Ligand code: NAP
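Here we start with a single chain on its own, the form predicted alone, put down as structure tokens.
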């Protein structure tokens, strides 16, 4: 017997659409909290989710070693104190499976699952100005209508499989880190090639190497990685953290990354002596974690000479770990300042290159030409492989939104509006697209913060906005074009005042051929961003137009 929601959807057709107060696109951490918040203010909503289960990023990314790079006690919802007091995280950093178990627990505990429509991908969202209604259509033929549409599509939810010549001729099996088989993969006795050494590659390579007969790692760009120092969560640390949860959550709002517990630096790197710097970096290296390391000094992300001291420290660590000096130099990043690309965390990543069954292939000097039936062919050689793993990342920040046909009437699509780069006001809304909100959209701190803090801050702001509109009898809201223009300029100006633009990173979309090279997240800090959002709301939603 199907449940109520299944019967409700199965009888939906274009002539009899599902009618709601709000439609949510996505069933990950953002979509679930959106449902929770909308329910609190009395609005009916459904979330459409492409996967067969909730969880978003943590549903799809099941590759070996998949683990969060924010500590478990911080990477969780803050909206319910009983939840955060009762849930037990087994390790310092949560694994994919543990985080997915947590998300499912939240969905069940707060009865959110009944409002999620699974196995359903949204293909179009069209706003009708006359009726003030969004009409959403899906790949399963369902139609839903609502005055408000909330895009909780995620920042890393559109996997990028490179368009290598011959990829479909490969006689072995290939996988992408973001589309991993739920049953897992056994690499025992196989010749494996991993293409990509970003965060996913860094996490999976040590585990695959321990199984495979031989592992070839194809690296185009070396990335900085720091030791995670992961381990079982100390019961005393857990108890102390839980006793301080309310204060820590509040304190997180006043930090650049939305994470409390790290004393902010008070000294510039170039003000310290070389000996002081070395001791500081050694202590941070031993402690583990990325935020702590970047908090060593005040100027690491704004002063190239200061950053050089930290970058060279890590390069020297790599040289001390990797026995082959040629391999060590290939693994030591020299084309970007540390922290300007996503800073990886690892367990025995560099040590893995000391194994006899691991070979590093430099595809910057000898690019991959094609995938052959037998393996991977570079300019210099062909590597026979049984299995290929693409750890090649995502069409980040905008990919999921650009894939949906989002438009107003017969006007241009959102993808067309964003042809030169994403345009938003506060990363929350897009001028010309009324009543459509984006959770952690481009132009907000998003991937440069603790994502769950960012999600809750965004959806709390959206929920308060919708409640205010209802109280005022207002039906439509959208940003003024000049407010959007000024915010985009501010986002760019802030980024240009840092070292971030010196790196060819997915923050700038350079991993996607043809994508505009624009710095997408806001790096002015979560604290300043939240204050701006609060001020906008307090000043009668400055920069927005509300109408009946």
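Positions refer to the first chain, counted from 1. Because the structure is a prediction, the values reported are computed rather than measured.
Form predicted together with the ligand: not shown, discussed below.
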Contact stretch among 252-260, 358-366, 113-121, 429-437 - heavy atom within 4.5 Å of the ligand in the predicted bound form: 358-366
Candidate from 193, 289, 441, 196 lying within 4.5 Å of the ligand in the predicted bound form - any heavy atom: 196
Tell me, out of 385, 208, 144, 391, which residue has a non-hydrogen atom within 4.5 angstroms of the ligand in the predicted bound form. 391
Even though the partner isn't displayed, in the predicted bound form is residue 506 close enough to the ligand, meaning a heavy atom within 4.5 Å? yes
Please tell me whether any heavy atom belonging to residue 63 falls inside 4.5 Å of a heavy atom of the ligand, as the geometry stands in the predicted bound form. yes
Would residue 67 sit within 4.5 Å of the ligand in the predicted bound form, counting heavy atoms only? yes
In the predicted bound form, is there a heavy atom of the ligand that lies within 4.5 Å of any heavy atom of residue 265, even though the partner is absent here? no
Can you tell me which residues in 457-492 come within 4.5 angstroms of the ligand in the predicted bound form, by heavy atoms? none
